[in-house]
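Just the one chain here, laid out as structure tokens, in the form predicted alone.
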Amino acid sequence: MSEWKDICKFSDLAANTGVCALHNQEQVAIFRVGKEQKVYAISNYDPIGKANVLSRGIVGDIKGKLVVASPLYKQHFCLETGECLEEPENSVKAYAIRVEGDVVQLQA
């Protein structure tokens, strides 16, 4: 049985931007994106720039994949899978995330 941890309120997330949250001692970048206002969560750590900055990146779409561009060296990370499009060997962790009412939750 899966456990979920409350992270923030959905209404606290601005559309098409990211925020950083601490989850199980890891920084997680959380994004609210698109017309559907779907939420995504990936590691906040940019393995190429070696800094916790992905939540501050620019959200976009590359060939139908929702991505965030790292603010450091501009590599694109898929919001669904964490895959780095330019350098797949530098992909990041993607987290299970859901919205229950107005509460955003990450799987524990």
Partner chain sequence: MSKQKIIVVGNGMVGHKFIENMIEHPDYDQYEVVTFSEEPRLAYDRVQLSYYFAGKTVDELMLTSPDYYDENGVRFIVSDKVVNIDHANKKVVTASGREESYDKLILATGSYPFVPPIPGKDQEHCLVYRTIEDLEGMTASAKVSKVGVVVGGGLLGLEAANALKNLGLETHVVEFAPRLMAVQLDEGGGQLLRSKIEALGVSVHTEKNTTEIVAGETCRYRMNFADGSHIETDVILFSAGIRPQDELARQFDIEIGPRGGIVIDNNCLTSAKDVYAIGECALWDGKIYGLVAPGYNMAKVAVSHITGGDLAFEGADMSTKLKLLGVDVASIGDAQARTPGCLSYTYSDGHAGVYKRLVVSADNKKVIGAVLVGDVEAYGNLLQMMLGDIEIPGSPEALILPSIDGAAPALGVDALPDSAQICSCHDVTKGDIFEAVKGGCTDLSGIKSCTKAVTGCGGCAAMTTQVMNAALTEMGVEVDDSLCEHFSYTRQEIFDIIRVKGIKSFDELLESHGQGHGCEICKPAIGSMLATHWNEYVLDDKHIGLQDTNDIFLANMQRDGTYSVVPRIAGGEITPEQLIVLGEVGRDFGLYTKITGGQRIDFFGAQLHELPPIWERLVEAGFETGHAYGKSLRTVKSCVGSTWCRYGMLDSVSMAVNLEMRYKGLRSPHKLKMAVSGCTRECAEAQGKDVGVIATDKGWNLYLCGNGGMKPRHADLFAQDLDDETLIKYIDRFFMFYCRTADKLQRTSVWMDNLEGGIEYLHEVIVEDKLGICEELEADMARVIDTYECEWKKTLNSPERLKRFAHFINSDLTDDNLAYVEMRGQAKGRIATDEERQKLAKGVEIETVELV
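Computed from a prediction, not measured in an experiment: that's the story for all the values here. Numbering follows the first chain given and starts at 1.
There is also a form predicted in complex with its partner chain; it is not shown, and the following applies to it.
Engineer: Applying a 4.5 Å heavy atom distance criterion, does K38 contact its partner chain in the predicted bound form?
Structural biologist: K38: no contact with its partner chain in the predicted bound form.
Engineer: Flag V33 as yes or no: does it have a non-hydrogen atom within 4.5 angstroms of any non-hydrogen atom of its partner chain in the predicted bound form?
Structural biologist: So V33 counts as contacting its partner chain.
Engineer: Classify S43 as contacting or not contacting its partner chain in the predicted bound form by the rule of any non-hydrogen atom within 4.5 angstroms, answering yes or no.
Structural biologist: Contact with its partner chain, no.
Engineer: With a 4.5 Å heavy atom cut-off, would you call C78 a contact of its partner chain in the predicted bound form?
Structural biologist: Because no heavy atom of C78 falls inside 4.5 Å of its partner chain in the predicted bound form, the answer is no.
Engineer: Out of 47-62, which residues reach within 4.5 Å of its partner chain in the predicted bound form, heavy atoms considered?
Structural biologist: Going through 47-62 in order - heavy atoms within 4.5 Å of its partner chain in the predicted bound form - the hits are G49, K50, A51, N52, V53, R56, I58, V59, G60, D61, I62.
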